[in-house]
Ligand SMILES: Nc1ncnc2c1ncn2[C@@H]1O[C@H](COP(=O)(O)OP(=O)(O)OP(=O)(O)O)[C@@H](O)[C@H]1O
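Just the one chain here, the form predicted on its own, laid out as structure tokens.
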């Protein structure tokens, strides 16, 4: 009901995802070197010295553990051997000292490993997150609106946390491998037949861990959108912008009820996973118990037949316990490592796929002084809506140095046309020419730099008032003079009334935050565009939240900017606003149907622009009729191709 369809995905169609789910003991062993290599590469990029220190410390701990086990075997052999008790105790002292030194060395190595792993993990997370964010903000707008790519973008954001955890799991895997090698070496020395029993003993728990991991990861991907939507509902109940409607319209119980239902559905999924995990774990424990019993029966048989001494049996018990614990921990850590690697693989996949979707760097330079921007047969449709283009074979010219208005009903394609003009999208067909230079071949950053935008719903940055203005041009240090000029231009006269003036935080999300009115935000948006001072100013319904006096001031300033040489592209569906324009392009259902000066368009009998104007004028009770010269009352005739308002 809320989101137009199911948010739980059936991922069985995606063969690559099913391949990632199909983790077995064999594939785990085969992929372990790759996973270890991935974690080591991330760690090496984050800190070479720390990575090397951790490696040395873990190797030292493994060697110390092996020496300790062999020392215990020697100690038992001495204590259980022939001779007097005093003699056996004196003979055991060097071995005891060796075991103590090995334990101390192992403890020091463990501490060193923890010491260097601690700062290494956050560095890895920071690097991975920076790579993610850098790719995310550089992709084309079309990629951001592509459903599959956006879903990958959502999943890949967990890759940074997983990269951090992979470092810790990798260290634990190295430690487990070295402990296992030490235990296996001791068992091989004592009796080779015990070694395969050690391996078989952990097979059930390994199978259980991998099975649970597959289910958990599959569930994560299927329920990702559902969880995000549920979280969004909870935020709406505390959102400042939604607070008024939540209360006045009584939407709180409605939202809460849907949140409760979605949460219960997610709880049922977790209950299902827990039930399956418990069943799988119980079966694995039963199998492990049987194999452990068989191992100790074998050890008893070796003692009974004299194939192993009593001291060797004691050492073997310790080695089996150490090796079993190491192998069981190793399986679990490798399972965790593989599970985290799937999220890191999503991040790597994003980095790879986003490379083809990045905004191109470089290209042809635009002319220093452009006379005209021309659209030739431009057709455009948003991703996933190719069958219903928003713009159809649009051809028009935007001469630089005046006010050009784009008018039409809502949904006629005005804002989309400007997005193409600014370089945010590329047309599926047709060209956009800057004095003959095709925008498709031009340096996109140079195209962006030519524009400043005053949007009707401009983004409200949850930062200070100062940053909300200056963020439009971060290529240079913040300039107080430019800030003051932009504020004066936009009529931002309320800053002195704010608690901390320009340093006031404009967000209730944080302590000390302050909220502006809609009109104040609109003025701040105008100041933001003025601060940027682009060659072309795009103004999209700039006065929607302003009072009549402020609206008149804005349009007077627009005319002054155009007279000073700046190009203004005005987007509006209010016909009275275009009296300041030099040229009007009328769009209807994605097509250009009329172009010309406003006074000329108003004199065209049956024209769409004139029809829209008269409809809006009639709404105010002053229906416009052509005067003697054919111009509706109140609209001055065009002179020299320009209306000066």
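Numbering follows the first chain given and starts at 1. Everything quoted here is computed from the prediction, not taken from an experiment.
One more form of this protein exists, namely the form predicted together with the ligand; it is left out here, but the text below deals with it.
Using a 4.5 Å cut-off to the ligand in the predicted complex, each of 145, 456 and 573 places a heavy atom inside that distance. Stretch 404-412 is the answer when you ask which of 404-412, 167-175, 282-290, 363-371 has residues with heavy atoms within 4.5 Å of the ligand in the predicted complex. Using a 4.5 angstroms threshold between heavy atoms, residue 425 counts as touching the ligand in the predicted complex.
The ligand is not drawn, but in the predicted complex it has no heavy atom within 4.5 Å of residue 296. At least one heavy atom of residue 416 is located within 4.5 Å of the ligand in the predicted complex.
Within 4.5 Å of some heavy atom of the ligand in the predicted complex lies at least one heavy atom of residue 385.
When the ligand is considered in the predicted complex, only one residue from 302, 351, 233, 390 comes within 4.5 Å through any heavy atom, namely 390.
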